[in-house]
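Below sits a lone chain in structure tokens, taken as the form predicted alone.
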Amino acid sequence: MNELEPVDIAIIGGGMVGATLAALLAQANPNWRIALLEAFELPAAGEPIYQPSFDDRSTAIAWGSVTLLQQAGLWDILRQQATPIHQVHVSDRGHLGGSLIDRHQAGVEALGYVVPNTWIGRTLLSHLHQLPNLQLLAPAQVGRIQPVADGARLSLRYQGEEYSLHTDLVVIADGARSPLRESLGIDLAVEDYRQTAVIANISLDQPHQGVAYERFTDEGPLALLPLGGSVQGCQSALVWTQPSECVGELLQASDDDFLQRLQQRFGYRLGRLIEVGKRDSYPLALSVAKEQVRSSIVIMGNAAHFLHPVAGQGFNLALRDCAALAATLKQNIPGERLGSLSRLQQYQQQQQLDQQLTIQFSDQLTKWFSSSALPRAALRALGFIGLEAVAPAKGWLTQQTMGSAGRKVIL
């Protein structure tokens, strides 16, 4: 078996979380030797040129995450295709009351931004190609992680040949169905919501004005996020939660029928819905790894915690995890390896409260606002009225939405 040059940190998974972590780590210490291993082939530097598509999926980046991306040197490029969220309108279908979160009340230029995933990927890849202390290995399939006394040894297939790679620390960020997490015997705590998210982009007959809508219904949450690069855009990204047994019919419906059903559920706050892009879907569940750190091993991103998309908490929590890990590793502790268990436990302890609060916030919103039962419906209406009447309660919701309710991380 061929032997690759040893590295300090190996990141398995070149998606949004793994790539962002690589950028944060490279910025935290230019002397670290970092390897990013991705199972799929990556485009060469500068190719292909980004071309926006009506069918691009998008990610809501909270204001708290923007500050982290600025520290990593990524935000100036990302914001070129980012649509600002000036307001978040939260409502409950069929009930009075609601809450409006406004950027002016929060004292920020935007509560967050919506960025096409394609642009995030191109920006990250272009940035990573410029980092002298980062090695990109793709396509590379890691078959085994073997803990050793001074780190971990990876067995992988790269460019058609078998290789071994020694690393002080390995980060597993290969997705919610992580085969490597399973191979290590790390179990998941899973709660099936029996819901499925339908994803599509929607064209509007009037500008969205930078307003994001989170509408709760008896079937589940429905979100429309502003797209188009400015508040004058006439597109929104749809995340429509449905009972899993109803999704097949919705996906197979004609465009006209789909839009008519969506209009009926959402209303006319954005005017008439005139076009729908490609529809996709994925099942929803809450899954949390029962272990996130071992000696020389960290589980990150969806492999560590996969959340309901309500309120857009998943990627933003993962980004705070990445920043916290980079900040913890950056601490100069003489004689202690990067992958030492005590150091990784310190990271986990620092992020434990943030993870718990964010996961509970997402989980409870999903359960309370996906029921037509009268007691919960009545309490929901009272809750929305209370949010407008009680400043601390609305302030808490605002901070959670902005991704700034957890511990602030400075790299």
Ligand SMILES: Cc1cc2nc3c(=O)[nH]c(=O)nc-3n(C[C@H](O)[C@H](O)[C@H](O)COP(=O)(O)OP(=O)(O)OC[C@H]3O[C@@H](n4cnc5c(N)ncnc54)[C@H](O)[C@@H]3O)c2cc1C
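Just so you know, these numbers come straight off a predicted model, no measurement behind them. In case it trips you up, residue 1 is the first one in the sequence shown, and so on.
Below: the form predicted together with the ligand, not depicted.
**Message:** Residue-level question: is Gln313 within 4.5 Å of the ligand in the model of the complex, judged on heavy atoms?
**Reply:** Gln313: yes, in contact with the ligand in the model of the complex.
**Asked** Is Ser99 close to the ligand in the model of the complex, meaning a heavy atom pair under 4.5 Å apart or at it?
**Response** So Ser99 does not count as contacting the ligand.
**Item:** Exercise: Asn302 in contact with the ligand in the model of the complex, heavy atom 4.5 Å
**Value:** Judged by the heavy-atom cut-off of 4.5 Å, Asn302 is in contact with the ligand in the model of the complex.
**Message:** Test of understanding: in the model of the complex, would Leu68 fall inside 4.5 Å of the ligand by heavy atoms?
**Reply:** Although the ligand is absent here, Leu68 would stay clear of it in the model of the complex, with no heavy atoms inside 4.5 Å.
**Message:** The chain here is shown without the ligand. Which stretch in 254-262, 336-344, 291-299, 170-178 comes within 4.5 angstroms of it in the model of the complex, by heavy atom distance?
**Reply:** Heavy atoms within 4.5 Å of the ligand in the model of the complex occur in 170-178.
**Asked** Exactly one of Val90, Leu134, Ala152, Ala197 has a non-hydrogen atom within 4.5 Å of the ligand in the model of the complex; which residue is it?
**Response** Comparing distances to the ligand in the model of the complex, the residue within 4.5 Å is Ala197.
**Item:** Heavy atom within 4.5 Å of the ligand in the model of the complex - qualifying residues of 11-27
**Value:** Stretch hits, in order: Ile12, Gly13, Gly14, Gly15, Met16, Val17, Gly18.
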